[in-house]
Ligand SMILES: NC(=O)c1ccc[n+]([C@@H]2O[C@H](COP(=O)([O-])OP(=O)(O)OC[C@H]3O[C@@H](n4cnc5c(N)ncnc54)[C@H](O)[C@@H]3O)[C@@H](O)[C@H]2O)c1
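Next up: a single chain in structure tokens, the form predicted alone.
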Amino acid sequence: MRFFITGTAGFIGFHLARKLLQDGHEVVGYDGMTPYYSLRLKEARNAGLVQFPAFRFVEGMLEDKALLSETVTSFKPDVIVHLAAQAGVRYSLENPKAYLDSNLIGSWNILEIAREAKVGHLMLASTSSVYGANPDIPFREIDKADEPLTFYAASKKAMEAMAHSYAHLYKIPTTAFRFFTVYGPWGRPDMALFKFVKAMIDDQEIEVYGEGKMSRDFTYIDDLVDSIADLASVQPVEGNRVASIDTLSAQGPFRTVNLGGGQPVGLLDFIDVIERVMGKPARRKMLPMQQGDVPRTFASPDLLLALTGRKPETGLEVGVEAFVRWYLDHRAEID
């Protein structure tokens, strides 16, 4: 199949593109190479992809609709996977306009291009942050998600709503998947595992927010991209519900799917795992909850299981060990 993927120099986009290429698919990657974090890391990821003959890279911003349209029109993809976004919950408190430009205007450009190209399946990256401080666990796709706590979460929820309208109006088969705390090799430097490991190697304190009382449903990167690849061939079809828990819209070929294993881990337990893997204690600086943080995330994987027959299963210790090995091997070239 032919995949057009936005954000291939990013953490998840790189892993997804590499998996699809290894599986024999063709991929065109599109990325703005923005300096939100280390460009050296993004360039290293991209260098790993351009080695594949079936990969072509286009550098451009989501706001550049002309370049997006030209790229998609010439490639004629079967599937568009829209992963590029302004990421980071906390950064959205400092620079909300970056989220407006990328996550709303950029995503609208993708919707327009999917409509023009009559793409067979449009796949969009959303986030567990849309559930806000949902008191009901596990988080189910049918739960209310109308009280976002950050502009990042609000921008992703708005993208879902815009995509639903396009699925209804133009019959674009659309799947919006909600990520749950993705981690693993080649991860983002602003995420907890990366920051904790780096600080511990440098004998610095790690900052433990919420006094360590928070919990997260951690999802290993290989499991996540397997789920996306599985879902690529499960296009939503109007009137074809696969189970009673299906989120397939009654108004168009649109569904939302959680991508998480449903095994939340407390933050202090997470740190304990890192300490065991690294063989040294962390110097912990306990801090209050930050503005916009949620106390927990907890995915219901039932719909993902019904659609694909599997869910994320990699144990936290296995995933953390893989990250630490990668970081130690690549630190010199990415720091």
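None of the values given here were measured: they were computed from a predicted structure. The first residue of the sequence shown is number 1, and the count goes up from there.
The same protein also has a form predicted together with this ligand, omitted here; what follows describes it.
Between the options L268, M33, L305, V50, the residue in contact with this ligand in the predicted complex by a heavy atom within 4.5 angstroms is M33.
This chain appears without its partner; in the predicted complex, the one residue of I172, L193, A176, A87 with a heavy atom within 4.5 Å of this ligand is A87. Shown here without its partner, the chain carries A9, Y37 and V182, all of which come within 4.5 Å of this ligand in the predicted complex through at least one heavy atom.
Contact with this ligand in the predicted complex, defined as any heavy atom within 4.5 Å, is confined among 61 to 69, 297 to 305, 269 to 277, 283 to 291 to 61 to 69. This ligand is not drawn, but in the predicted complex it has no heavy atom within 4.5 Å of S227.
Although the partner is absent from this view, G319 stays clear of this ligand in the predicted complex, with no non-hydrogen atom inside 4.5 angstroms. Among heavy atoms of G13, some come within 4.5 Å of this ligand in the predicted complex. For the chain shown alone, F151 is not a contact residue for this ligand in the predicted complex, no non-hydrogen atom being within 4.5 angstroms.
Taking this ligand as positioned in the predicted complex, none of the residues of 234 to 258 brings a heavy atom within 4.5 Å of it.
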